[in-house]
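Below you'll find only one chain, the form predicted alone, shown as structure tokens.
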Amino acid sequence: MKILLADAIFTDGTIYRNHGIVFDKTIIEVSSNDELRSRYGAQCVELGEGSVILPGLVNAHVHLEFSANRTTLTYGEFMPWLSSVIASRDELINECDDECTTRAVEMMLSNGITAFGAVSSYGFDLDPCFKASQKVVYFNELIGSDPAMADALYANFQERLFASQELKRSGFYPSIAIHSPYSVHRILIQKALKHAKEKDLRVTAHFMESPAEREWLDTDSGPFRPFFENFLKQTRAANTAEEFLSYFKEIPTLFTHAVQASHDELSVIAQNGHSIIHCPISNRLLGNGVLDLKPLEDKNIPLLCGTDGLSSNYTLDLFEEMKIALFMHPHDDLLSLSQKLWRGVTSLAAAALKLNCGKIMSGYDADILVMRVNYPINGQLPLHLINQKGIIESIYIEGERVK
């Protein structure tokens, strides 16, 4: 059993001054420092002035297989970026061996990320994810819109899914990702989601990331048309947005981006208990626009925050992601937005991923950050922690110190 006494605990929107935590694998108690001193005496570890205890961060959406990218890919607009991914795919994947992927995983840990949702297209990141210190929801991604290749594509997906399910450890959860409405045939989607529902697997999908996707799904035209004509000989979108969302009924899903989603589509997302993952840096680098947060709040859609991968980001750091979001949404109240973002990388992200973490509260897993700040702690701490990150002095996952 460990007992840490801090200057402050910040969890799920509340700041507790002069409070401490008792934990082993899970959190046993949160109480005032005076109360814990009186009961536990010399067992208490005094963290001192400027110490802040936080829940470990949860990165709901990351791609690791392209972590070798630094300046290879083209930024500014979605289609040039996608073309550069296809042109450099083999090079980047070959450059990102297990050591490369492990560095990306450790980068996340050093930035306080104690759980993440890894979207895997090829299964090349399976071993590093399985060996990671963090909790990992490992999303095996299904992709393919050519009906003639449906059986082969699904067989490849199944092979990867089953390979991940053969690996067993606490905190590793094989799951399913559907790439997007434009890239997966409806037969494949329905088959995979039937399996997810039967086996109670977690599900994620990209949705309405770019203006090009919006135009292609709505009108079978725009920048996506020559792409699909040249590569796949297709002149029509694999699904409409409405059809795509209908497949996920009664399967709570984490939809990533939704920058170009309509109000009607957001209503469907809300009605079915789905979440939306906001990736501000990726959206900016790929020229996809800015997610409007107000409809999400109005419709009570959980807002999560993710880094995406190093193919469309320069780091894997949720503090940086939250900071960029603060400046990307200039009309939102700063403190209120800070609170929303914190929930989106802790309690709401954990709940969407079905993880027992994300809160400093009795009964939750002891996934904990101990930070040190060099400024006075006040009611704007959620904002200050984003803009003035402080030092992460120690990290615990299920009560074990990993940093």
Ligand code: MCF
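Predicted model, so just to flag it, every value in this text is computed and none were measured. Note that residue numbering follows the sequence shown and begins at 1.
There is another form of the same protein, the form predicted in complex with the named molecule; it is not shown, and what comes next is about it.
*Asks:* Could you tell me which one of Met107, Val85, Ile251, Ala270 places a heavy atom within 4.5 Å of the named molecule in the predicted bound form?
*Replies:* Of Met107, Val85, Ile251, Ala270, the residue with a heavy atom within 4.5 Å of the named molecule in the predicted bound form is Val85.
*Asks:* Just give me the single entry in Phe244, Trp81, Trp216, Phe319 that has a non-hydrogen atom within 4.5 angstroms of the named molecule in the predicted bound form.
*Replies:* Checked against the cut-off, the match is Trp81.
*Asks:* Is Ile143 close enough to the named molecule in the predicted bound form to count, meaning some heavy atom within 4.5 Å?
*Replies:* Contact with the named molecule, yes.
*Asks:* I'd like to check something about Val119: if you look in the predicted bound form, is any of its heavy atoms closer than or equal to 4.5 Å to a heavy atom of the named molecule?
*Replies:* Although the named molecule is absent here, Val119 would touch it in the predicted bound form, with heavy atoms inside 4.5 Å.
*Asks:* Check whether His257 has any heavy atom within 4.5 Å of a heavy atom of the named molecule in the predicted bound form, and answer yes or no.
*Replies:* It does: once the named molecule is placed as it appears in the predicted bound form, His257 has a heavy atom within 4.5 Å of it.
*Asks:* In the predicted bound form, does His63 have a heavy atom within 4.5 Å of the named molecule?
*Replies:* His63: contacts the named molecule in the predicted bound form.
*Asks:* Only one of 329-337, 130-138, 309-317, 147-155 has heavy atoms within 4.5 Å of the named molecule in the predicted bound form; I'd like to know which.
*Replies:* The contacting stretch is 309-317.
*Asks:* Need the contact residues for 268-296: heavy atom within 4.5 Å of the named molecule in the predicted bound form, sequence order, or none if there are none.
*Replies:* The stretch touches the partner through Leu286 alone.
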